[in-house]
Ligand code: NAD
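Just the one chain here, the form predicted on its own, laid out as structure tokens.
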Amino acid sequence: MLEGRVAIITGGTRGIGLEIVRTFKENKAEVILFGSKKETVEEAVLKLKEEGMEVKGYYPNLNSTEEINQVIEEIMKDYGHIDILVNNAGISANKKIEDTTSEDFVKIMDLNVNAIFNMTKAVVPYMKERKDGVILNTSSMVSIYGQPSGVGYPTSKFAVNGLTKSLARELAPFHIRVNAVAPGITNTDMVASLPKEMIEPLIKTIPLGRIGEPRDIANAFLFLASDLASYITGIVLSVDGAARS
């Protein structure tokens, strides 16, 4: 479904991001994964190689436009084009507001929102030249319903939705589609780190009776990245088992 496409996936070393890398590779894309640390990037690249998948990995600071631009230029030299950008890197939060510092809030916004802006701004000129491209952002079910604590996380994801819908309108004349996927509770390390008293009540709201698996989410990204979604832009696709709260 993605043969001949070049895809960059941030936050691609574990969880949903790593599964998106696998799914895109299985569908014949050339994939470059980004991670936060050299060690985790190398570990993910090696793990994928053992699975028979060759990918490249980088670890730029996503809040440094200089580092991002250097890596994007290197990718362009190697591949000649960038067709898909998946902005998946992010961090969660669960502190009550009285326990959340300004530094905590800024850290969340930096990675969950500002990094998406920086990455998108870096690749858009190349997509505009070809008048073709797909930008996909990882949102969350809490961007629709909020959550009982950790206000910075849903705030950041509400911002992701706004960015997605606005850029979809701005970039549509250049045939660049912009969408987001809003996963529900998914079986990842991030969810495993949250307290049970936060997760268990949410699971009870899922009519399908289970939490999502990373492949469930990756398949949604695959669909939106592919030509099957060629007339879809500006949506936030919920993948949450019909969970509502």
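From 1 onward, residues are counted along the sequence shown. This is a predicted model, so every value here is computed, not measured.
If you look for the form predicted together with this ligand, you will not find it shown, but the lines that follow are about it.
Contact here is defined as any heavy atom lying within 4.5 Å of this ligand in the predicted bound form, and by that definition not a single one of V86, V123 and T164 is a contact residue. Of the stretches 177-185, 49-57, 201-209, 64-72, only 177-185 has residues with a heavy atom within 4.5 Å of this ligand in the predicted bound form. Using a 4.5 angstroms limit between non-hydrogen atoms, N27 is distant from this ligand in the predicted bound form. Using a 4.5 angstroms threshold between heavy atoms, I91 counts as touching this ligand in the predicted bound form.
Although the partner is absent here, D189 lies within 4.5 Å of this ligand in the predicted bound form, judged by heavy atoms. Heavy atoms of A225 never reach within 4.5 Å of this ligand in the predicted bound form, leaving it off the interface. If you take 97-119 and check each residue for a heavy atom within 4.5 Å of this ligand in the predicted bound form, you get just L111.
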